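Listed next as structure tokens is one chain, alone, in the form predicted alone.
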């Protein structure tokens, strides 16, 4: 039995009384510890499916289960990183991360906050407010907050889409390192083919709306990935060709 199972998921939205389909017959499994990337054109339902797995969208046909339990609502076992950091502006970095922790033990909370600040490379910015952070640093804080409760599943909705190229690469390296160490089940929406190849174990390619699965590509590359290697370039081309066909 797979860890996450999506069975015949269909999703409709209402647009001024007119119903249109966003997702069509989504049916696939995700194994525990896998890093999955959703890739496809804008509007094909990638983020809607991610939000459904998070429990933020619950009105759909079909079933989505995690570890045999059907998803009915958001739960702490599934951490979410949005396109923007969504930090509380009146709280500093440490307070934002500590806010999600349940423990009432102050020393334990301090230790865990410090652990996740170090994990995402924000040591020295513990007392900085969100307005004092760059976009990349704020997103690092958002990732740390999502990780702080040690969720079983990490969900990421285009978290690096608004960042400059260098910052994006640095954060990709951070996320790759964290996943290599934790082997946490991770699902990420992205438009960036190279990003998907660099991060994912499997890439799920969607057709245009209504989004259905065009192809699932296994990324058989080592954990320490070289973007300039022939193997990397070949996988990138395979993904590009599949997206071009589905366009």
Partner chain sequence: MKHLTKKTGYFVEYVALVIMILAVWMMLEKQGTLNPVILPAPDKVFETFVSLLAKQTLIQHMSVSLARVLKGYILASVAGIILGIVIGLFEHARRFTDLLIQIIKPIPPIAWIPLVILWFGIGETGKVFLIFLGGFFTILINVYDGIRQADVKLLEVSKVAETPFFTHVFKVIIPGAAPNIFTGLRVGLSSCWMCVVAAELVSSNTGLGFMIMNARQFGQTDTVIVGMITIGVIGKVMDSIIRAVEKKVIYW
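Only a predicted model underlies this, so the values are computations on that prediction, with no experimental measurement involved. Positions refer to the first chain, counted from 1.
Just so you know, the form predicted together with its partner chain exists too; it's not on screen, but the next bit is about it.
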Check your understanding: Out of the stretches listed (159 to 167, 172 to 180, 117 to 125, 78 to 86), which one is close to its partner chain in the model of the complex, meaning heavy atoms within 4.5 Å?
Key -> 78 to 86
Point to revise | Distance check, residue 41 to its partner chain in the model of the complex, heavy atom within 4.5 Å | key: no
Check your understanding: Would residue 100 sit within 4.5 Å of its partner chain in the model of the complex, counting heavy atoms only?
Key -> yes
**Study point:** its partner chain contact in the model of the complex: residue 129, any heavy atom under 4.5 Å
**Key:** yes
Check your understanding: Looking at the partner-bound form in the model of the complex, is residue 135 within 4.5 Å of its partner chain by any heavy atom?
Key -> no
Study note, to complete from the structure: Exactly one of 51, 215, 191, 209 comes within 4.5 Å of its partner chain in the model of the complex through a heavy atom, and that residue is 51
Practice item. Taking its partner chain as it sits in the model of the complex, which residues of 135 to 165 have a non-hydrogen atom within 4.5 Å of it? Please list them. Key: 145
